[in-house]
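Next up is one chain by itself, shown in structure tokens, the form predicted alone.
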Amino acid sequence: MQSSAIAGFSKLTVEEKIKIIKEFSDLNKVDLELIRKYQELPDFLELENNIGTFKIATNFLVNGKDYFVPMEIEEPSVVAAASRGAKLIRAGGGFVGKYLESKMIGELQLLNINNFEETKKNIVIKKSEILKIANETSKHIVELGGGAKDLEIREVNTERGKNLVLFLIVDTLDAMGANIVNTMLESITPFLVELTKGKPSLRIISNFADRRIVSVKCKIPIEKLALGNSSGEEVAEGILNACALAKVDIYRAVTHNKGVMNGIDAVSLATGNDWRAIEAGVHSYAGKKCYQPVTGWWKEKEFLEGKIEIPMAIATVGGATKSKKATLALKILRVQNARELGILTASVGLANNLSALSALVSEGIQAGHMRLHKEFVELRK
């Protein structure tokens, strides 16, 4: 079994779904026992691709590789939307993604600097020594090709006076990086205090991960977008109009991006990642100048094409990614590293955005999205 495009997957029994996932991801007895234990919990419901531990989104083809995607979210409609969006995009060849850059930033705040120009020159002179001290704390990362790569210096005026803020640029590889970066910052602080005679204050990673940007593109044959009584061309035009509004109306833009984050948060939760940090990074990136939608759509001949470009500080090692549940999710995904996971996660966000927009501009969100949600509420009673 090499394809995640399974017709009628949502209508299969739980046992049939698990059998497909087992063969696809080579699950063992321990994996299956974990799924069984979750099925025994009082709140387990056989609804919209729920196998016990997770709900499973289908149809994802990313950079030529098939995926079943574990999602952890209370709304089954989000999973259905992700699967539908992925099916449409699959018809155009699937998602194509890459990381534009993959580094994290740690900030070290220094106060009471007397001579900023001289201090900055001294730091530049000692930069290689500072990076060496930082990398001494994470030799395993350095050996694998990561570690502290650069140091930038900024003067920042605040209401309490001028600060000298150092940006430590770190390649954290498959880790989200908070522990690595924070440890590095604390390790270089004594040296910098001696060098600058300043007073250290904040030493912490930034969740504005604008140097860990993932970019994913897709295209859909316009005829495939037909929904309800609306033709594919009508749906495509509606999506373009909705995006045009989101670019100039923050009230729409925030809701547009929330729909994207429905999918991204659900994958982040399933894989044991810090969804709050990812969410903060994406929304801050959307508002770095004037708050904008994080996806874009346009027509190119007979295709509707789309793109998402966002910070994605996601991990396959460290923290809660080693919990039993997250380990199982990563095994189902068959990802090799954090970059692959980040590209896939952004793809899920793009798929959810496509589904939401196509429904909104045609049959309406209540027809599909809320029908599943209502079924979920009724079953919980």
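Treat the numbers as computed from the prediction; the structure is a model and nothing was measured. In this text, residue numbers run from 1 along the sequence as written.
The following text describes the form predicted in complex with ligand MEV, which does not appear among the structures shown.
Using a 4.5 angstroms limit between non-hydrogen atoms, residue 365 touches ligand MEV in the predicted bound form. At the 4.5 Å threshold, heavy atoms of residue 259 reach ligand MEV in the predicted bound form.
Ligand MEV in the predicted bound form comes within 4.5 Å of a heavy atom belonging to residue 356. Taking non-hydrogen atoms only, residue 360 approaches ligand MEV to within 4.5 angstroms in the predicted bound form.
Comment: ligand MEV is not present in this chain, but in the predicted bound form one of 224, 120, 252, 307 has a heavy atom within 4.5 Å of it, namely 252. Stretch-level contact analysis of 229 to 237, 143 to 151, 259 to 267, 130 to 138 against ligand MEV in the predicted bound form, using heavy atoms and a 4.5 Å limit, identifies 259 to 267.
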